[in-house]
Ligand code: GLU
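Take a look at this single chain, the form predicted alone, given in structure tokens.
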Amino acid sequence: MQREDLIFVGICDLAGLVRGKAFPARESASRMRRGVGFTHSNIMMSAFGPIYATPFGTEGDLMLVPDESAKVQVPFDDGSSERFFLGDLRTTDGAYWECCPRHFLRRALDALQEAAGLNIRAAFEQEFVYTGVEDRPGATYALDLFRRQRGFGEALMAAIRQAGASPDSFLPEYGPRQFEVTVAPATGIRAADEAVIVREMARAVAFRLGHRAIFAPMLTPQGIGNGTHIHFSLTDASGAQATHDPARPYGLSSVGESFAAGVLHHMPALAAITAPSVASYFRLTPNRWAPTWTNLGEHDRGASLRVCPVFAPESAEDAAAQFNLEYRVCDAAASPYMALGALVFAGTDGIRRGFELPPRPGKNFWEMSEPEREAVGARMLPRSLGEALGLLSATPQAKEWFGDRFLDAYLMFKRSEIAALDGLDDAAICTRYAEVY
């Protein structure tokens, strides 16, 4: 049997899933310019498959164009390979389409550059459940669970490296059969590309071993959630760290403080983009080591925005290079382009408006009453996707970030997802997402 050599090109879409088309490898030269055909309403494909609602109708054509810098080619021992490009949605005249998730991030990065002459360096810390191991008591962070994954982690790290990212760590996590994978930080769009690539490599390796890597936010309503935490810092034109100033509160530079304050200010609305599933809000509840308030914490894994530790710095330069913040209100139902883009837009708004952080509270945040937390500027995060979408819709700056057409489409997309789950109990909702992610 003869086989045609095919290459897939995809976009990590509004559902956080990679969708696209394959083309003959012999046509690569022309496809790098013209890509493959795509329709406007394809961006409205739900997490569960059907297009429940669309503002675009049946008319119009787009191109999904591969990006040479986001090419993946990873061979496996069985003779198969993962061979794909990530790309951009463009109009037929070659311009970036206004509703392209990857271009959403690109515009956010341009706004940050224009406002402050800065870029962002980021890495996504991703949790998932691997079905190829038995759940046993006491396996949390255990060598036993690491041993029983039987080479999945080693194969995953090798695939990540072959795909062009730099693997950092692989570990058994807190939940049943749960693992976490991290990579070294990358700059700009590449950081989001690598987040997508890591997810797909986990799925690819698990598939070839006869199992699944499940990134759904919650597998059961009362279970342990899978988060996708975004570690980030700001860099200047030379690539030097611009977030750290050890002489200032929290170790944040002036511009770093304004960026962080912008993120906190917009965080309740950002949740609609970074925690964008109905099941996401089963995770964002008290006593799950997940964020529930818009608070900045030093070395506090319950905070929504965390100042991360610096480990054994060898110099002031090393301390600055390690210094980063961690955004924790995120999961894998979000497209990394949308999540990082929203984070950058919010922080940039904080820079433009000169936002400042409130003074450090004189009391442990978790020992405060709710009124005391509100008095120091913290607000509760939304308790549902519908509430988060309402906050996003009411945020004037969101119309600038998205543009009216894209914002309306995104709100329609997510509200139709809520409607599609209407009538299901919490357990059934978790099952629907676990089947997809």
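Just count from 1 along the sequence shown to find any residue number. Note that this is a predicted model, so its numbers are computed, not measured.
The form predicted in complex with this ligand is left out here; the points below concern that form.
This chain lacks the partner; the member of E82, E98, E125, D245 within 4.5 angstroms of this ligand in the predicted bound form by a non-hydrogen atom is E125. Comment: this ligand is not present in this chain, but in the predicted bound form one of G227, G87, G262, P172 has a heavy atom within 4.5 Å of it, namely G227.
Heavy atoms of R208 never reach within 4.5 Å of this ligand in the predicted bound form, leaving it off the interface. This ligand is not drawn, but in the predicted bound form it has no heavy atom within 4.5 Å of R177.
Using a 4.5 angstroms threshold between heavy atoms, V307 stays clear of this ligand in the predicted bound form. For the chain shown alone, F146 is not a contact residue for this ligand in the predicted bound form, no non-hydrogen atom being within 4.5 angstroms. Stretch-level contact check against this ligand in the predicted bound form with heavy atoms at 4.5 Å: of 267 to 275, 248 to 256, 288 to 296, 197 to 205, the positive one is 288 to 296. Within 4.5 angstroms of this ligand in the predicted bound form, the stretch 318 to 332 places a non-hydrogen atom from R328 alone.
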